[in-house]
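In the block that follows, a single chain appears as structure tokens, in the form predicted alone.
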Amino acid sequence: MQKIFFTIVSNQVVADKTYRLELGCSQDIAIKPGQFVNIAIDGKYLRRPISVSDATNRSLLLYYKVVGEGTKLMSEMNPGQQLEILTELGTGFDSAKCRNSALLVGGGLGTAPLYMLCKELLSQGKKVTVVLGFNKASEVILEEEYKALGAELLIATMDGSVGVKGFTTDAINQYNPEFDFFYTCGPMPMMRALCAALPTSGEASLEERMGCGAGYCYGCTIQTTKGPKRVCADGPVFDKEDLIW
């Protein structure tokens, strides 16, 4: 974990109440796919944990949705403004668990942290199929970015305005992609259904209310098949077999 001051490069709305936040800093960082950062916001006691969509050694790319006072304040921030951020938090995805072909399934903002993982898997010469789920067309993010990577992309929307009408599991059943391991991030009901439906092993990135975000307060503890685990420190990524839904 590092505490670093980042400068906002851009902060733009890209979908319904959803923003793309690009940040830069003057010292090296090392973010792995699936890790997150914790952002300090003036006037708010608790930091805001945000999954990392992409990163270089001196930049971060985050996506967030305005759902409360903290994220509303974030949406009003301008380029040049500085943010105090805890970086390199959590245990991320393990790309080595995929042998040859991976299935990445994201729902809503859960599509964002899978982007960096997709890049890593493709760089290892593995085939990647990405399935993204949203409620409607106005909420779709990262469609062009995933296409630009060269991954096979499927989209599902609940109202049928883009791609397959229905859930991500409907798109998977319809197209039956080949994979030996899956990775998922998104709403808990989606990931629960996915873990129950897919026969292969996989990893799921969980969301949970956090206090410290670094494992000290135990406020985000969940029960797993291996006992109590902290989502912020032991996760947020867990093996499918360890989760108790």
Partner chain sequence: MVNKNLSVSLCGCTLPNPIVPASGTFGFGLELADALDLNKIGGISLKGTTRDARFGNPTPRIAECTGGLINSVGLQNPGIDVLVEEKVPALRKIYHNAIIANISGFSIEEYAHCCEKAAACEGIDILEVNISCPNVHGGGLAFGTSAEAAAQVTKAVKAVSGKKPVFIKLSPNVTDIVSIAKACEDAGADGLTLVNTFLGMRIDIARRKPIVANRMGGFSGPAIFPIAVRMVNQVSKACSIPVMGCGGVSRAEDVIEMMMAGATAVQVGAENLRNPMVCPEIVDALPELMDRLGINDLNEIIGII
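Bear in mind the structure is a predicted one, so any value in this text is a computation, not a measurement. Residue numbers count along the first chain shown, from 1.
Just so it is clear, the following notes concern the form predicted in complex with the partner chain, a form of the same protein that is not shown.
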query: In the predicted bound form, segment of 24 to 32, 45 to 53, 58 to 66, 181 to 189 with a heavy atom within 4.5 Å of the partner chain; finding: 45 to 53
query: is_contact(Gly219, the partner chain) in the predicted bound form, heavy atom dist at most 4.5 Å; finding: yes
query: 4.5 Å heavy atom contact, Gly215 and the partner chain in the predicted bound form; finding: yes
query: Contact flag, Leu86 vs the partner chain in the predicted bound form, heavy atom cut 4.5 Å; finding: yes
query: Partner proximity in the predicted bound form: Gln223 to the partner chain, non-hydrogen atom cutoff 4.5 Å; finding: yes
